[in-house]
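A lone chain, given as structure tokens: the form predicted on its own.
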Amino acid sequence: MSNLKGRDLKGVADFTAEEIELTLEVSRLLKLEQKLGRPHRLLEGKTLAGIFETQSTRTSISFETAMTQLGGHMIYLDENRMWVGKAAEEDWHDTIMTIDRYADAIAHRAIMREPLEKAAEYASIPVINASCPVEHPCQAFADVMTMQEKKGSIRKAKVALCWGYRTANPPAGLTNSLMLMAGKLGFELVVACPEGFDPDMNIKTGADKEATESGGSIRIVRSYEEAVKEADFVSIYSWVSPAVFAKGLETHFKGDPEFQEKKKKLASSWCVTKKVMGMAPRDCKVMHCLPVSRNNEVTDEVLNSPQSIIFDEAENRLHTEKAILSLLMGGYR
């Protein structure tokens, strides 16, 4: 068994395919333990510092619940609590070095990538990427776990990741992380998005290299029809470039008016509807990482259908994060 104790998880590339599978195996075991009502207080007395620079529902709740169920505790840190937030009175280095003396790990939800990288550089304790503009590894783990639950092995499975219109501008992190997962685990990922919304090509290049060994593949297409044909899973998500996302706090994640006007023209053609799902196999499952802009990215008819597994996907954030925390913080051996 690979020893992950003390390691960081800044992105999917930090783990080998074997370490990803190990994490997913531990996720399944901990999910079963919870279902059977068996305590699994693997992190008794441990503290997680949760740094949240953006709003969070699933990520903050799942991490906090995970630490509680594992016997530990999470401290929620936002800009109103730390001197590096609105007060802007302390250097980031000093903040992280102080947290390093108090906590046993850091989960950082960052508005920009650099502070996350610096936190990992400064801290001696594990740093977990709880979402940044470049990657969202925790969500990618939950997505893969959910697909495995529904299909068993996902090697050679086809996953259509479909961009959907919404007024807000979420980061492209999940898209990038799923490309890396496809490369490492050997499934086919087809990303359907308009021009100008492509994921990170540098990350795709790295994922393509991994795919040559695993048998996976990553393609970018411009139509839903090409993406969902023969798909085992259709995952819907809206994303923008890191540069646009970084402006989010200034504009309530709406972007500048000129960008929004251009984006608005995509609304009518980039929504996953029942008609779109009719192009996919009948047993194809529908996924969305949430929060979802209903009837913009995807219609209620699709989200509320028997094909939808969006809340199984949301639940698995808890189980995969429990596994990640246990392995990195040394609770699971």
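All residue numbers are counted from 1 along the displayed sequence. The structure presented is a predicted model; accordingly, all values stated were derived computationally and were not measured.
The same protein also exists as the form predicted together with a small molecule; that form is not shown, yet it is the one meant from here on.
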Interface stretch in the model of the complex with the small molecule - options 54 to 62, 26 to 34, 299 to 307, 273 to 281, non-hydrogen atom within 4.5 Å: 54 to 62
Proximity of Ala267 to the small molecule in the model of the complex, heavy atoms at 4.5 Å: no
Check whether His319 has any heavy atom within 4.5 Å of a heavy atom of the small molecule in the model of the complex, and answer yes or no. no
Partner proximity in the model of the complex: Arg109 to the small molecule, non-hydrogen atom cutoff 4.5 Å: yes
If you check in the model of the complex, is Pro39 within 4.5 Å of the small molecule, heavy atoms only? no
Triplet Gln148, Gly152 and Lys285 all within 4.5 Å of the small molecule in the model of the complex via a heavy atom: no
